[in-house]
Structures are given as structure tokens and as C-alpha cells.
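Take a look at this one chain, the form predicted alone, written out in C-alpha cells.
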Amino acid sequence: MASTSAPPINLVEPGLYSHGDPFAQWRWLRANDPVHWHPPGELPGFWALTRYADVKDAYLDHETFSSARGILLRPDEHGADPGGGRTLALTDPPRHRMLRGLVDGWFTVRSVRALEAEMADIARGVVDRALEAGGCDFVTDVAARVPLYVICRMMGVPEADWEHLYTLTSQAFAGGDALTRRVAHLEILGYFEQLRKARAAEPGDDLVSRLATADVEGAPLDPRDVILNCDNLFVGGTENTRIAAAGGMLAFLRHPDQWRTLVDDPSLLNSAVEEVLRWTSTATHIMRTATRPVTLHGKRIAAGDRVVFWLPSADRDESVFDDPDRFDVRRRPNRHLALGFGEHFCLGSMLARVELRLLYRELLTRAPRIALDSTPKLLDSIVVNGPERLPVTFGR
């Protein structure tokens, strides 16, 4: 029977995700209040969706639940998201489909497979350096580098600049004070502005060239839209995979029997990657804005209300996943929502899966004995969840 005694509910406290137990709150909400009004504080009020079916249905109903006014909670005083209506993540059909159509050829199964040999070389080189050192911070030295180098290659970033962008992303997205993060992110935007100009003048076979020379509805894509979409692709192509790779390794370290199962039977690697994606569900929340009134589980959502999907909760829904709080590399079926659903299903989903598979394959064959070197540090964030620091040692 569902409990009627509610725990304190505060899903926007960053410390909950680094030092608390958000799953206890989500579990109670799924059972008792699946469409929960979260009152305003430093962030505006919103409706919290915590059940798998509700999140999936809302993803599909883009006419009611719009992305165009932003997909992340932000203080009202920050104003509208500058990418609203301009980027892949922050547009609704039909413009979303037009923008996606410009670049989705790069992320098909065929295209990713064509890049797989280069991606394997990148993963091997990253693991080489970590093994030579005997240990590392898995987040910054391994998990962050593989997806960043791959997306740099796809976007036409010269290899000489990869480390520069690695440094900027480390400052912009991996902790530190707000000013440092903002300055670093502005530098990333500035870098892509220069690259846009270069590729507009001399296009190559890369994603930035495609955007810089694109026409949408019979007109060139606005230069600001090019830059914002470059940033969207770059961040999307690096951060979620970084956190999933690191969060997955933390799960293996906390469930060593599952790592041993993979070492003994590498044929389980594909299902293990899906379980890593479900378990980590790295995008903690995704927001939509209601475009019209709608009633859900007896709750009246008004036009203009914010509606927030809590993906880690949906991916632990007891009605969908057997024993959902168990990390199981053999789990099948595994229809998680970690990569979104419907129109906004993650463009780089195939790329992320291949990157994770290649990285873990390198580690399984060359460093099957991985151990924590000290206590991990989790991110203080309501946006993405996972390790900020994961010190490990390697052995055979």
C-alpha cells in the first residue's frame, strides 16, 4: 500500500544529489503524487512528473509540452533561455525537424560505424595514458576525453585545439565557481564563432561546415543560430557521455560482481551499456512548458506552467522495471528514457552507445582490476547527476 506520510520534498536542492537520497523522494512521489506541484523558491514553481508512462507520454505530446521556452529550470531573473526557438534542443516541430535534418546524417548507424575505427583509436589512446600513470581521476582523465575528442573530430575542430577545448569544458561544466564557468562557456562560444567564419569561407566535411553553409526555409541559418547549435552539439556530445561513462564506472565499482560478470562474458557489453544508461540517467531533469491547459492524474496544469520530467525516477519506475534499484548488466528488456523519447530522442544516442562500448571494452581487456583510490565526489547539481571526481587505480 502506498505510504500516506510524505517525506520532505525538495527536488531543487543541489546537495540532495551529492549527499542525499533523491530516490526516496521520487519513490514516494511515484506512489502517492505523480503530478506534484513544487512551489517556487529560488527557482520558479513547476509540476514534477516522476512516473515512466507520464514522462514518455509528455515527451510525445510536443504540441502540449513545448521545448521552445527552455528545457532546464532557471531563475526568473535570468530571463528567457537565449537558445529558445533557435537550437535543436529548444525548438518544437516543424523547425526542430528542419534543424535536425541538417545534421542527423552524421549520427546514423552507418555514419557512426564509419567512424568506429577512429573512435576505437581515441579510446585506446586515452586508456593508454591512464594505464601508464597507474591511476587517475576517471572523470577528467578518461570519461571526459573520449567523447570530447570524438565530437571535436566530427565538428572539424583541428586536433591541435582539442586540449584547449578540453580545458574550457572542464572549467565550464565540471565544477568551480559560477564566474569561472560562465567565462569558460563564453570562450567556447567565441571559439565556435571563429570556426563558423572559417568554415563558411572554406567548408569541409564536418558538422560546423554543414551548419555554417545551411539553408533553412530558403534562407541561410542565422550566424547566431549556427553558434548556438554548435554549442548545443558540442555540449550534448561531451557532457552526457562523460557523466554516463564515469557514473557507470562508479556503479561497477560499487557492484563488483557486475564488473566480474562482464570480464567473464564480454558478450554482455551491449546490455551492460544500456543498464549504465538507465542507472545513471545523467540528465536529472528536463523541462517543458505547457502550451494549453491539461489535466493529468486529476491535477490541472495551466497554459504557461512549467512541467519537469525527472528521468532518474522514470527509469526506476517499479511498474516498468523489475527490481529497478538493482544494477544488472543482464537486464532485458531495458526500455529506459535516459536518451529522451519522441521528437527529442537524443541525436547522438548511437554515438554515445558506441563510445561507452569502446571505452569499457578497452578497460575490460586491458585493466580488468579497477579499484577506488579514495572517496568519490558527486556533483552538486539538479541538472546532471554523477561523479565530479572518481579517483581509481588500475591493475591486471
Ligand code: HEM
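Numbers for residues come from their place in the sequence shown, where the first is 1. Predicted model, so just to flag it, every value in this text is computed and none were measured.
Although not depicted, the form predicted in complex with ligand HEM is the subject of the following passage.
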Task: ligand HEM in the model of the complex: contacting segment from 39-47, 26-34, 364-372, 340-348, heavy atom within 4.5 Å - done: 340-348
Task: Candidate site Y59, G237 and A244: all three near ligand HEM in the model of the complex by heavy atom within 4.5 Å - done: yes
TODO: Give a yes or no for R100: in the model of the complex, does one of its heavy atoms lie within 4.5 Å of a heavy atom belonging to ligand HEM?
DONE: yes
Open item on the list: Check S313 for me: does it contact ligand HEM in the model of the complex (non-hydrogen atoms, 4.5 angstroms)?
Closed with: no
Open item on the list: Given that ligand HEM is not shown alongside this chain, does L211 nevertheless sit within 4.5 Å of it in the model of the complex, heavy atom to heavy atom?
Closed with: no
Open item on the list: Is H96 part of the interface with ligand HEM in the model of the complex - any heavy atom within 4.5 Å?
Closed with: yes
TODO: Name the residue from I227, A89, V139, V146 that puts a heavy atom within 4.5 Å of ligand HEM in the model of the complex.
DONE: A89
Task: Contact residue in the model of the complex, chosen from M249, M119, I151, V127 - any heavy atom within 4.5 Å of ligand HEM - done: I151
Task: Partner contacts in the model of the complex for 212-234 (non-hydrogen atom within 4.5 angstroms of ligand HEM) - done: N232, L233
